[in-house]
Each structure stands twice: as C-alpha cells, then as structure tokens.
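Just the one chain here, laid out as structure tokens, in the form predicted on its own.
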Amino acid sequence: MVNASALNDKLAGKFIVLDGPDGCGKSTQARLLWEWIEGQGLEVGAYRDPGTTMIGERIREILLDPVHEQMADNVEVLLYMAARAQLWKEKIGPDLDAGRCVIMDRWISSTCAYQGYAGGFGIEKVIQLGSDCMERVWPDITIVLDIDRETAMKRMNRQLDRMEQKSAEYHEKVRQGFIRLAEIFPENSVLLDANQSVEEIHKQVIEAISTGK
C-alpha cells in the first residue's frame, strides 16, 4: 500500500524520464506511470520528446521522416535539442516550478545514446549542448528499459520511422550507450530488463520512483 501523502511529498516537483532503445516499451510504461500517479491524486504532466509543443511536433516530423535519410548526426543533435528547449520553456519548466511531477517519454539520455554514443558525436558534447540550451539537463531519475534488438524488432509490428530504420549495428551501439549512461550516472539512473511482462516492469518502475532508485 502506497502512502499517498508521503508519495506526494516525494514526487512533487520531480522530473522522471522513461527511456531506452526503440521497441523497449518506454511509451507504454510512461503512460502507465502517468495513470498510476494521477490515480494517487497527484498533479502530473506527461510529455514526449521530441514533440508535445507545436514546434516540437514539426521538428519530430522532420527527424523521423524516412525521406531525410541523409541527415547527419550533428544535425539530429541540434534538432532534438531545439525541440527539447521549446518543450522545457512551454511545459516542463512551468510544471516543475508549480510543483507538479513531470513524466517524459525520452529525454536528453536518448540523444546521448543515439547521436552521442552510437553516432559518435560524444556524450559529453551532448550534455554540454543541453546545458547551454536549458536551465536543467538531467532529471531526478532516468529509468532505462534495456532490450536486445531482435526482441525489440518483433514488437515493432508497423512501418518503421527514419531512426528505427538505421542498421542493426547502430541500434546495438544505442543499447550499449544507454547501459553506459546508467554507469556514468548511477545515482539517478535505473536499468530495468524490458524482456519482462508489461505488468512486472510497471511494478518495478513504481518501486524505483517510490524508493528513489
């Protein structure tokens, strides 16, 4: 049984991110967590990155459209960061200032793993750029759902976007990038096995945010 008052004190103004390789189930888990926290009577904002804002959604279309297959990794970094900065200004910053809990489907951890690690741009450079663009870069907790590419591909029974269409080698590097991030920031990162059932992962997500790890 979760003590609603204690949970409210713990999560008020907290910034929570669900992240991981394509097909890991992060969007499902972000939605379930949002519904669960709201069910506890707490104020929460839930957003996706890139997207949510009008500008962010337009940038998302450009980033994920397969027609832009020649887009360079450094261009991807800049576009993702632009969408993220707008999202911070319009939604995340005001929510946190108002004491609301914020749940994100992806954040700068994705750019670190995809463009920073797999693309070779550099994790440190991604974080520095984020610091130059926003008041805050790292959330209170990042929950990374780890999954192998073969299993992830079986889950994505749909037309793949431009990022999802990148090579298996690239996506394996992405996975390793996320694992590396959890090692670099162990104090506020949690690595969960995404091969488990949706219900079991949801249970572990709640445990992670309730205990702080």
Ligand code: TMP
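Heads up: residue numbers just count along the shown sequence, starting at 1. Treat the numbers as computed from the prediction; the structure is a model and nothing was measured.
Keep in mind that the form predicted in complex with this ligand is missing from the display, and what follows is about it.
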query: Single option in 32, 46, 182, 64 placed near this ligand in the predicted bound form, where near means a heavy atom within 4.5 Å; finding: 64
query: Among the candidates 55, 152, 42, 163, the residue which, in the predicted bound form, approaches this ligand to within 4.5 Å (heavy atoms); finding: 163
query: Residue stretch of 67-75, 86-94, 130-138, 103-111 approaching this ligand in the predicted bound form, non-hydrogen atom distance within 4.5 Å; finding: 103-111
query: 4.5 Å heavy atom contact, residue 60 and this ligand in the predicted bound form; finding: yes
query: This ligand contact at residue 50 in the predicted bound form, heavy atom, 4.5 Å; finding: yes
query: 4.5 Å heavy atom contact, residue 26 to this ligand in the predicted bound form; finding: yes
query: Distance check, residue 117 to this ligand in the predicted bound form, heavy atom within 4.5 Å; finding: no
